[in-house]
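What follows is a single chain, given as structure tokens, in the form predicted on its own.
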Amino acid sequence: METQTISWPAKDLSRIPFAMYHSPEVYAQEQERIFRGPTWNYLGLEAELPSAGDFITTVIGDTPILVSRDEQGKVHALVNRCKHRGAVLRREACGNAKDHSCIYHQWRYSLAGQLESVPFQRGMKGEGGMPADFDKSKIHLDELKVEVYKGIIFATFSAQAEPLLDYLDAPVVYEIDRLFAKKIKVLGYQRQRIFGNWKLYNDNVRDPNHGGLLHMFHATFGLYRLSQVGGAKLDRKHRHNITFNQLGTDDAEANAGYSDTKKVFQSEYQLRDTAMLQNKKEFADPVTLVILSVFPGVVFQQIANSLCTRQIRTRGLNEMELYWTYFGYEDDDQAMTDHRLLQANLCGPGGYISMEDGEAVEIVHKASFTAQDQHAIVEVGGKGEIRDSGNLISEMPVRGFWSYYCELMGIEPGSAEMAKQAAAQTPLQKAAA
């Protein structure tokens, strides 16, 4: 399918083409225009690199990234690819080292990415080796621009990217300041493989409406119900989203909306051990859940006292991985740490709620493959202007994601774009339409 033949019938992005999740051409463009474009990408947490020589490996889109702290304490984001023959330089998830050596031919780089040695550079007995004009000082691993805010490491490939705090914008910065007001400590990791396009998970975490309908545990035991006080806040470009709610703010009248969803909200069910449901107040405001989605690929989470980051890692067109990093605060006592770890069971591949998100992404990806001439209906919360939502029954943030996505991809949804696309269609494609 040619990219230019994908139709976008609604200028307000209330119709999303299923083809956008399945086109190889679109996926290839995303790598250049989004992941290597003027975006800031989450790489990890400074708490994961406490000492000189510490490193972690990750990805931005399909590009392998090595995050390394040098001897002076500076954090570097390097393309994890040897300049010699292109082999992945570091294959471990994390570690500590004095330098980085390629397993293939043992080219050795400093912690900052500078080539330091090449075995047999002069050859043997006047023969072989590198050319006389070979200059190690001119070879450096490709390096990204890094900014660290509140201990969170972001990087960009683009010299045209706006400053990080401008990119995040005030509503997101406020939430980051809130969640990272104190020094953190990493509690652990989980990884979740999902067989679906990466954008489907972005749709999911920007959809407040599904949280109280898909997740029986949430709705039944009251951690998140559509009838609770909550909403969704967007940045000025609508690319990021903050979904939030307040535990215990629903009532019988409000919950009447669940009358047709008996399988979702089982009001007669109770837990013998309610520790999983407890929110130990630690913030000044009454908010008990925050799902902060930052374009293009990270989520910062507070569900009661469970805190984590979720990095969305692409693994090709039809597959993605969620990389969960759970954290608490350095001044947590053991009881709070144990409580956070208990609530961590809500999420991850076997989590009481997260396994449902993975399943939802997969069934949409599979079913939409044979409907690439059709569109998702994204109208919950209304059509027209993309705006903040004063309740949880909304899909506005999904449209916000796609508005910035289209800006970066050079897509102009609406009737004019459709006319241009129709003119480019072959007679066979027109007949099929």
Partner chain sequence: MSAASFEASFGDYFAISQLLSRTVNLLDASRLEEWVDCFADDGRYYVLSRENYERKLPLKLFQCDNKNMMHDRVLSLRQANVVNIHRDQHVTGLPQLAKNADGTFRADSGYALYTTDQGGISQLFGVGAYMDTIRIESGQALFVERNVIVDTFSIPNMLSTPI
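Residue numbers count along the first chain shown, from 1. All of these numbers come straight from a predicted model, not from anything done at the bench.
There is also a form predicted in complex with its partner chain; it is not shown, and the following applies to it.
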{"item": "Among 74-82, 115-123, 139-147, 219-227, the region lying within 4.5 Å of its partner chain in the predicted bound form by heavy atom distance", "value": "219-227"}
{"item": "Among the candidates Gly316, Gly128, Gly350, Gly86, the residue which, in the predicted bound form, approaches its partner chain to within 4.5 Å (heavy atoms)", "value": "Gly350"}
{"item": "Answer option from Asp169, Asp99, Glu162, Glu321, heavy atom within 4.5 Å of its partner chain in the predicted bound form", "value": "Glu321"}
{"item": "Heavy atom of Asn305 within 4.5 Å of its partner chain in the predicted bound form", "value": "no"}
{"item": "Touches its partner chain in the predicted bound form: Val173 (any heavy atom, 4.5 Å)", "value": "no"}
{"item": "4.5 Å heavy atom contact, Arg191 and its partner chain in the predicted bound form", "value": "yes"}
{"item": "In the predicted bound form, Asp273 touching its partner chain (heavy atom, 4.5 Å)", "value": "yes"}
